[in-house]
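Listed next as structure tokens is one chain, alone, in the form predicted alone.
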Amino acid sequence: MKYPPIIKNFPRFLHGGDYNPEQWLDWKDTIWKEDMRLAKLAHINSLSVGIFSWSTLEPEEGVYRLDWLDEVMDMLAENKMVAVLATPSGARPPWMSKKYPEVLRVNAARQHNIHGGRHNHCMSSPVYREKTRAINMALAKRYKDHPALGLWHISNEFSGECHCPLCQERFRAYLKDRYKTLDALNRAWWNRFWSNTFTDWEQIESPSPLGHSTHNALKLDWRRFTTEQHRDFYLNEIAPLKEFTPDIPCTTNLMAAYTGIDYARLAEVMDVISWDSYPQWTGRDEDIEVGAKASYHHDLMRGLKRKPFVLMESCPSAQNWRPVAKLHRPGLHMLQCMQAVAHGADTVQYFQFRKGRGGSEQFHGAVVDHEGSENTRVFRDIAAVGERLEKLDGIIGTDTPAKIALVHDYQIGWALEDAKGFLQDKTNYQETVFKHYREFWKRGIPVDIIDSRQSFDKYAVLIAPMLYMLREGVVEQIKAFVKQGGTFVATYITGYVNESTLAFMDGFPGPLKDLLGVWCEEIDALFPGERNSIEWQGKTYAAFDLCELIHLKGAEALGHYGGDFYAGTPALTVNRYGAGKAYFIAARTGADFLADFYRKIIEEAGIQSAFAGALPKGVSAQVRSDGEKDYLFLLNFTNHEQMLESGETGRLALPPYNALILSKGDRA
């Protein structure tokens, strides 16, 4: 399948980055002109402007100074560059905090913040919403017909929460809408425990270290509410933009590893997904794992809409906020950029274009260093990426033809994080989902990472590690998927609670018992270093951390525990259900078990690797397709040359930290 380009009538890769020309206003006649010269040399065709520019755009209340931005937008148009124009709400100007202290956040300990930092604003504040809409309206009216305008960049990296009285009132309103009555809320939250029964809505407060710090149902709904706050604030921001520029897409840059927002919910109101990727490359063998995790994050972000995305930020070299600001080794910059494209990015953008002279990010990697010329290694690396992207127009809009879906659900992660049991702080939902993903990454098999409530229809295999919480409609959808011939894989800690974290009363895995054909009676949490084992197909595999004790209720036992008082009981099962199969892995295992198990699943489903030959360790294969032509990406995450061979490609040498792109046998 091929999607339209992200920016209408621009079927090319955006290549550029965050540009802060307001920092160079005093040198605009020299620095700005030099920036355009350098951008062209770097094959840059887009720049993001206006991010964190509020104090320059509105130096005093109601007084807009947009003349400098006019010059920047005109300069971009004259140089045939696309403007990714940002709204400035990520950091308010000091005059606003001073005059309207209610715009600042209150933390969970009920302390009122003072001015400073980013995202230190209350999303409930009528003043902040009004001021945000006003400046966004000014920007939309001013630039609605500007030839440079290509994409709206809403704020920057949404995050955090506010516990002020206004937010408390909105939280109560959210709960009233969700539960309708206090009786329903008290039942859903199991509030007779610890005498928590509420008799008035005003008694409900957000979680705090001073009060409700262990009330898991309350905390879960607070996180849902916080997501709705971000979603509603985003809608408030884009309203004037959509009024004046309905054809210009809007986005906000996400952070894949951030779990404070249910991105699947926020994505529903975004025109296109964008995110900021900052892998910590080492120049050593550890880069294989770094590469796997970066691929996982790209696929996690792509899966929010299952279509090409915007790589809004990446770093061309040292990341100054890392404890160790290590340089990228030769080749790594090209590799990370082609990796993003391989996993669905239709842009490659950086933070930042030119290093600032001051501020906390003055030593963060950039296209243009403090030295100020094109005569740096990093600049040459960036120019090489831009030159290569110019030859890849055919990839724009292409799809990732995945037949395997892996469930990652932010709300399940929240619920498990607060569950008092299992391994407390080491239940590791996020890491567990990644470890299942990694087995397909190593084989060059594309995977869609999806929310539990997205459609499963297009897949052959559905994998849902630790599906602890069963959200509305999910059970029915999984059963329909398997009944129609799909393969479903579940693991320990599946089907324990409903959306309010109330435990199912008819045994685990709750309403999935008949599908999986097992009853999970107990779960054994093992001490660090403690091991059990799973015996399957004549081999013995380590089992650790969590071992679920199960009984067969229609399923067939494939593997058994090897030790402890539950030795000989089922540890791996399969159940036929309709035209499909449902597998259950009862214990946490190492990569050796997952490798052998998923080899079996892949063979049964007839799923092929993107690369027809064997992939050496540290080399991944990804594919993008328009339905007729496939683009194969071969990526070497090791610091030595790798040899690959297949009947389709012949023998290939892949240099260290290198990316090869093949299209119908032709190298691109």
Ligand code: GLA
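Just so you know, these numbers come straight off a predicted model, no measurement behind them. Residue numbers run from 1 along the displayed sequence.
Just so you know, the form predicted in complex with the ligand exists too; it's not on screen, but the next bit is about it.
Only one of the listed residues (Glu499, Glu157, Glu417, Asp545) places a non-hydrogen atom within 4.5 angstroms of the ligand in the predicted complex, and that residue is Glu157. A heavy atom within 4.5 Å of the ligand in the predicted complex is found for one listed residue only; from Asn253, Thr132, Ser206, Gln339, this is Asn253. Highlighted residues Phe52, Arg118 and Glu313: every one comes within 4.5 Å of the ligand in the predicted complex, counting any heavy atom. Stretch-level contact analysis of 83-91, 360-368, 433-441, 463-471 against the ligand in the predicted complex, using heavy atoms and a 4.5 Å limit, identifies 360-368. The ligand in the predicted complex is approached by Asp276, whose closest heavy atom lies within 4.5 angstroms of it.
The ligand is not shown here, and in the predicted complex it never comes within 4.5 Å of any heavy atom of Phe584. The closest heavy atom approach of Trp321 to the ligand in the predicted complex falls within 4.5 Å.
The closest heavy atom approach of Phe171 to the ligand in the predicted complex falls outside 4.5 Å.
Contacts with the ligand in the predicted complex, taken as any heavy atom within 4.5 Å, map within 332-356 to Phe351 alone.
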